[in-house]
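One chain comes next, on its own, written as structure tokens: the form predicted alone.
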Amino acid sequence: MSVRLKRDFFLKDIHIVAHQLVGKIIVRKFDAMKEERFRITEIEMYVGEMDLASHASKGRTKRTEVMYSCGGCVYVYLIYGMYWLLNIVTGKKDQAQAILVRGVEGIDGPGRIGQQLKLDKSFYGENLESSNRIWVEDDGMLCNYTLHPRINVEYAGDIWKNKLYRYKIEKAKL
């Protein structure tokens, strides 16, 4: 039996949340008749304003405002004019931490995930604890994962591009 995660799960430091988020389930309710579940298989951390790969490194803007909210909010943004990427805000208010969901079972790539979930701008700031459209559940499955450098962040310089902030599921165990 899966349990919906409460806000306090997301209020912890991003390193703790990232460790615990791999293997959790994103639930997307499309309408009264259709609800789909997706196990998270890959994520990337963006740890705040000091992280030169993070959108927050440029400070507070209209685009990044939700990153400064309390953990448990959705941060979506559009890339290439066609893909909405799903990020989950973590930590306490004003920490500007977010986790990008890069993979779910059967779907690799954050753009493809956004398409499958039918994300759009209306998800910006959505509260994962109270939303009736999207939330995260824990079914108790424990997952092993490997650590890797983030993808496509060369602009952030060697220190930040080489941080092992990408978590990729290795295998699940009951």
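One-based numbering along the sequence shown. Everything quoted here is computed from the prediction, not taken from an experiment.
Keep in mind the form predicted in complex with the DNA is missing from the figure; the text below concerns it.
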Item to complete: Using heavy atoms only and a 4.5 Å cut-off, determine which of H148, K118, R112, R37 is in contact with the DNA in the model of the complex.
Response: R112
Item to complete: Check whether L11 has any heavy atom within 4.5 Å of a heavy atom of the DNA in the model of the complex, and answer yes or no.
Response: no
Discussion item. How about T61 - does it come within 4.5 Å of the DNA in the model of the complex, if we only consider non-hydrogen atoms?
Written reply: yes
Worksheet item: Applying a 4.5 Å heavy atom distance criterion, does V153 contact the DNA in the model of the complex?
Response: yes
Practice prompt. Tell me, yes or no, whether A53 is in contact with the DNA in the model of the complex, where a contact means a heavy atom of each within 4.5 Å.
Written response: yes
Worksheet item: Among 26 to 34, 125 to 133, 138 to 146, 61 to 69, which stretch has residues with heavy atoms no more than 4.5 Å from the DNA in the model of the complex?
Response: 61 to 69
Practice prompt. Go through 51 to 90 residue by residue and record those having a heavy atom within 4.5 Å of the DNA in the model of the complex; state none if no residue qualifies.
Written response: A53, S54, H55, K58, T61, K62, R63, T64, M67, Y75, Y77, L78, I79, Y80, G81, M82, Y83, L85, N87
